[in-house]
Each structure stands twice: as structure tokens, then as C-alpha cells.
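One chain comes next, on its own, written as C-alpha cells: the form predicted on its own.
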Amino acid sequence: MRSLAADSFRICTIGGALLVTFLLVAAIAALFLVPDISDVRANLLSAEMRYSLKLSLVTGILSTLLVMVFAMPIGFALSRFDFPFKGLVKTILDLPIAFPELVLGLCLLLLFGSTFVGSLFKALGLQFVFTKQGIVVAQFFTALPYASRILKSTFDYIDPKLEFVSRSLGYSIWETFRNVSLPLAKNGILAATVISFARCIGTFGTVLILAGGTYMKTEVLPMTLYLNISYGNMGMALTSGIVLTVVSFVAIYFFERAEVGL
């Protein structure tokens, strides 16, 4: 009886995984099979698509770099140090994961609008509301919680004794972080980078509210999909969906290849 129950449980779990996988593959395949190839080719060569793809890649790469610059020390601090209100800080940093993107975008719009913070950045020449700079900010705050969580978990799995040995041999805390902790965390850093890039490229709601959905100005790939569905131009909308899928697939593919080589 136990063997029969174990086999049934095994079949159910594997069957569930295969069913969901099949549905995902079918959904993705539909995105590639429904559009007319000649229509897709024409849309790919259009000025709007070229602009949207270039803006998405530039802002996505820049946002990912900024995310990693902040996420590595944040993840390390949450993993290694005790400080007042640490639990509250961690909860607040994780909030954007639970927030709908539209709510996060609204919060950022209010913050960088007519407030002291917004005025301070304007005095520094940084205008985030309805600008390309706002795209980077929106992508940054959307992706940062994912990267910081991954990196905290990564540093949690690194034995602190290795860092203690480094300090006992004369390394400073910064030298230990740079020469011991970061190399040991390379897999987590790579995973956080790929996930961050994918989130930055795919961010829609936060970008829409903070940077606006202006045609050929703040039009990143998700905005192209949204605007063209609104216009009823399904060909361009499907093409932008295909491009987003391909970019995400390439990012995950290179992550898997790099992970094998590590």
C-alpha cells in the first residue's frame, strides 16, 4: 500500500509539473505562431520598434548596474550585521515585491513630484517625472528587492568563519568583502544580475506611472505592447511581445551557460 501511495504521489507531482510546463509552452508557442511572419518582419524594422528596443536595452542595462551596486552591500548588511530596526528595514525593502507596480509607480510619482526630495533632485539636474531618467528609477525600485533577497540568501550560505579567518590574517572588512565574500557569492551575483535585468526589461506599471507612456519618448518594449494594443495595432503588439520573450530567453540562456561554467 505504501508503495502504491508513493507511486501515486510521484505521478501526481510529476504530472502537475508536466501539465503546467505544457500550458506555458503552448502559450509561448501561440505568441510566435499566430502572427504573420512578414508582418513581424516589417514591425521589427519599423522606427518605433528600433527606438523601443534601444531604449529598453539602454535603460535596462543601466538600471541593472545600479541595482547590483546597491543590492550587494544591502544583501551583505542584512546577512552579516545586526542593527536597530533590521527587521523593519528588511520588510520595507521587500515591500515592492508585494506592491502592484502601479502602486509603486504612484508612490514614486508623488515622491519625485512636488516634494522636498523631488526639488532636491531637480536642483541637481535630475528630473524623474515623465522622462527617460524616470524609466531608470522605476526599473531600479522594481528590481532591487529581488536582487537584495537573492544576495542576502547567497551570503547566508557562505560560512562566516571564512571571513573571520581573512580578518585574522590582516585583511580589513572591505578587503575581506572584496576578496573573499564576493568571489564566494559569484553564483548568487550572477543570478541576481540576470533576474534584475529581466525585471527591468519587463517593468510596465511603475514605468507607466512615473515616466509616462509617451510615444517615441519613454516608450520601452512593454509600453510598445500596451500602446499598440490600445490603438488596436495587434501586429506591433505581438511583435513587441515576441521581442520581450526572446530577450528574456537569451538572458536566462546565458545565465544557465555561465552557471555551468562556474
Partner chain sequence: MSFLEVSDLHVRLAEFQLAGVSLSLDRSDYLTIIGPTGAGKTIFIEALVGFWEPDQGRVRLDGRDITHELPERRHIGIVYQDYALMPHMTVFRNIAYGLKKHKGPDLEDNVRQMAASLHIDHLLHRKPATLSGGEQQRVALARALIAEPRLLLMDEPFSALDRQTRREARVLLKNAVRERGTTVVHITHDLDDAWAFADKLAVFKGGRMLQFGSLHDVLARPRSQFIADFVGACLIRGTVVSTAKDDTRIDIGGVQLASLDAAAPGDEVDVAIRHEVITLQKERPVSANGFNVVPAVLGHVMPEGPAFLVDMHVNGAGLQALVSHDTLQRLPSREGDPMYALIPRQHVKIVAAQHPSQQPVQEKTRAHTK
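Residue numbers count along the first chain shown, from 1. Predicted model, so just to flag it, every value in this text is computed and none were measured.
The following text describes the form predicted together with the partner chain, which does not appear among the structures shown.
Participant: So, in the predicted complex, is residue 86 in contact with the partner chain at a 4.5 angstroms heavy atom limit?
Facilitator: Output for residue 86 is no: heavy atoms all beyond 4.5 Å of the partner chain.
Participant: Hey, in the predicted complex, is residue 169 touching the partner chain, heavy atoms inside 4.5 Å?
Facilitator: It does: once the partner chain is placed as it appears in the predicted complex, residue 169 has a heavy atom within 4.5 Å of it.
Participant: Even though the partner isn't displayed, in the predicted complex is residue 100 close enough to the partner chain, meaning a heavy atom within 4.5 Å?
Facilitator: Residue 100 lies outside the contact set for the partner chain.
Participant: Even though the partner isn't displayed, in the predicted complex is residue 183 close enough to the partner chain, meaning a heavy atom within 4.5 Å?
Facilitator: Judged by the heavy-atom cut-off of 4.5 Å, residue 183 is in contact with the partner chain in the predicted complex.
Participant: What is the one choice in 126, 165, 117, 92 with a heavy atom within 4.5 Å of the partner chain in the predicted complex?
Facilitator: The option sitting close enough to the partner is 165.
Participant: Within 4.5 Å of the partner chain in the predicted complex, counting heavy atoms only, one of 131-139, 101-109, 170-178, 146-154 shows up; tell me which.
Facilitator: After filtering at 4.5 Å, what remains is 170-178.
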